[in-house]
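So here's one chain in two forms, each on its own in structure tokens, numbered structure 1 and structure 2.
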Structure 1
């Protein structure tokens, strides 16, 4: 296989990923792009059948009245993110969510649960001062993605399914993006897709941890590509652990699956192996504290227990009435039953599980990056959440900023033309992707499990400098060992071992950045907790980490947060506004 074998393909607007961000970007780009513009959407799997948005159980945060306001949603987002969010991005998220939820209902065709008077039902989620989470039972993501998928499949958008992006290819001067190198997984052939504008919405997927919620093919490919392309990444130490991942054993991939926040919002209780409800020992909000606080509470309880057969803690819903639980949380009750557990009437063992990545590419409020022609939305973009994402803000972020990206690209593309790629970078990315095909075949999975244990033990829920430095050595050892692992090359069509190898290389690259950013942040904020630096530091002196690749090495620096809307100690809520609208448990 040679560089000259790479197929060349041109389009006007290229969208990587078909989660909420990618599908919304495609629909909005159609509305704003000049007539006749060619829009192409590419995805590692199948449209509507993969990605993280489809897996969303909980719901969609939006301020729809009843005392709730955009200002209150914004303050919850800023406080939840411990004053690290890009405030302009957070404000736009909260403001545009109101518009986007109506679009989802009235134009896309989503059906959400309603109250008896016909208004949208909104439930309580942790860390929020209003019941603002719109949902479709506990299967919200499937509802949103199914309807978006129908719209996109019926449109004139060009579809490149089972196409894996492996490299962002810039122009010779590196000022702009020329296109994206892909592998057609169905044939194993390479394809360079040139485009005037490219949106990256490949999703996060912190599957480098022992316990994780995303599917195993979500491997941070987008952030790894962005890092190699010289883009700046922010908040890379901020890995969100969802407190309640199903602990079903090593024999099933159900382990790590989220039991969503609505359970705790509805009054679910966390119980230790000694039978004690423990969360009020860690926070006055108990189980309704933010995800980072509850995850640390569970992890602390786990460390008290020396019995290897009792690893997690339990979530209990039975006191709310088994029939009521079965009705309100049908999806999760069935999912637990499939694994042998009774969520409605019994107890289910849970463990913190790597869920969401707050870090990502530095973008502006219109999703533009520092590289002309490249836009980033969804979990690939950093800034909106700061150090901690509120439950329900994730799918809102993807759909809001996916639509913004589509609008922006559609307008920008009129003044852009196709660019010539840097053939040297193209050749380097090609060689990088085919590297294992020239080595002696060996097993990839043991190395991935080794990385997952390293990250869980040393760069996980609780961190120290010594642990993260130990983690860096472990990551390096896995990376070095991977370079000695080859892949059978007799048939490259759907060669999943090859893609497992590429997945692990992306995970190793991003894991190194997570650990180095974690070492650089010598305080505890949100999802990042340092046992050797437990204090959060002065909020007015808040800074976020920025990581870049310089001469082949990851460099991490700090930049001050710009308090463009509100400063620590202040609020945008009107004087006399109640502290919370949520009824006490």
Structure 2
């Protein structure tokens, strides 16, 4: 294969990914772009059938009155993020969520659960001071994405399905983006799609951990591409772990998938290897403490036990009455039953599992990046959550900012024209992607497992400087070893092994950034916990990490947080507002 074999394709607005961010961008771009503008949506899987927005269970955070306000939602988000969020982004998220949820119900056709009087039902995730989470049973994401997917499929946008983006190709002066290099996965051929504006919504995805929840297509491709293209990434040490991932063994993809938060909320108990409840040793809210706290509690118990035969702890629901559990958590009970566990009457082994990535590309409140023509939204964008994302703020973030990206692109595109790509970068990105095809074929999987173990052990739930340094070495050795692993090139059509290789390439690249940013943050905030620096540090002096690639090396710096709306110790809530509106459980 030669560079000259790359097929060239032009469009006006290109969208990468079809999660909440991608699909909303497509709809909004259509509403705001000038008549006749061509919109193209490219995605690693099938439209709407990949990514994590579809996997959202718990729901969507939005303040809809009843005492709750945008201000309160905002304060919860800032507190949850331990004062690290970009406040303007967090504000916009909370404010626009109100509009977005109405759009979802009224224009897109979602149906969310109701109260007896017909109004929207809202509940509270841990860390919220109001019943705020709108949901459709415990399958909220399916409802949101199915409805969005229908709209987009019916809208007549150009579809490039099973097209994997492998490189952002800038202009010669590298000021602006010219297009995106992709592999048409079904044929194995390359395609350069030039566009006036590109939105990246590839959804991060911390799947470099031994236990992880995101869908299989998410492997940090977007952030790896952004890094190579010279963009700045922030908060890269911030990996959220969900406390209860299913532990079903090494040989099943089921391992790591989420057992929902609601189980603990409803009174589910966590039991250690000795058969004891332990969460009250760590926090007086017990099992109902926030995700980060429970994850660390479980991790500590696992370390105490240190038994490779029985790694995790157990979640037990039986005391709530098996029939009751079966009725209330039908989906979860069935899912466990499929892998041979009885959630209703028995106990199920669980581990913390990498769930969400708070870090991402630095953007402004309109999703613009430093590079003209490139916009980033959803989990790929950093800033809105700071050090921790509240349950329910993830899908709100991707849908709110996806829509904003669509609007912004639709407006910006009018004054823009197609740009010529830097052919040298194009050639380099192409060579990079076909690199393994010229090596001697070998297995990719063992290296992926190796990386996942390293990240879990050394850059995981609890971190130390020594551990992360060891982790960096490990990452480097996997990274190097990968360059000696080839992929058989006899048939490149739908060649998953080639894509496994490329996935691992992205994961290695971003893992290094995570470890370096982790080392750079010498305190513990939100999801980032340093055993050697357990204190959070003064909130007034909060800083966030920024990482860039400089001369081929990852450099991490700290930047002070700008308290543009509220300063630590203050609040935007009116005086005398109650601490929480959630009725005590």
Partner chain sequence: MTAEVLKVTIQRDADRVETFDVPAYENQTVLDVVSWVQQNADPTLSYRFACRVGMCGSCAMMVNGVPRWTCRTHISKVVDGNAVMIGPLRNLPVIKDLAVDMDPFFDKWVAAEGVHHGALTRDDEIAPVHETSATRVEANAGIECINCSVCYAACDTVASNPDYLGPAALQRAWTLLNDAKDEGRVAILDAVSGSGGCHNCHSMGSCTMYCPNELNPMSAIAGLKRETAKNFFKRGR
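Note that the structure is predicted; figures quoted are calculated from it, not measured. Whichever C-alpha set is largest while still superposing within 1.5 Å between the two forms counts as the rigid core. Residue numbers count along the first chain shown, from 1.
- Here the chain coming from the form predicted alone is structure 1, while structure 2 comes from the other form.
- After superposition on the rigid core, the Cα atom of residue 501 is displaced by less than 2 Å between structures 1 and 2.
- Relative to the superposed core, residue 279 shifts its CA atom by 2 Å or more between structures 1 and 2.
- Once both forms are fitted on their core, a CA shift of 2 Å or more is seen for residue 327 between structures 1 and 2.
- Shown is the Cα shift of residue 318 between structures 1 and 2 after rigid core superposition, which amounts to 4.3 Å.
- Taking the core as reference, the Cα of residue 270 moves 3.0 angstrom between structures 1 and 2.
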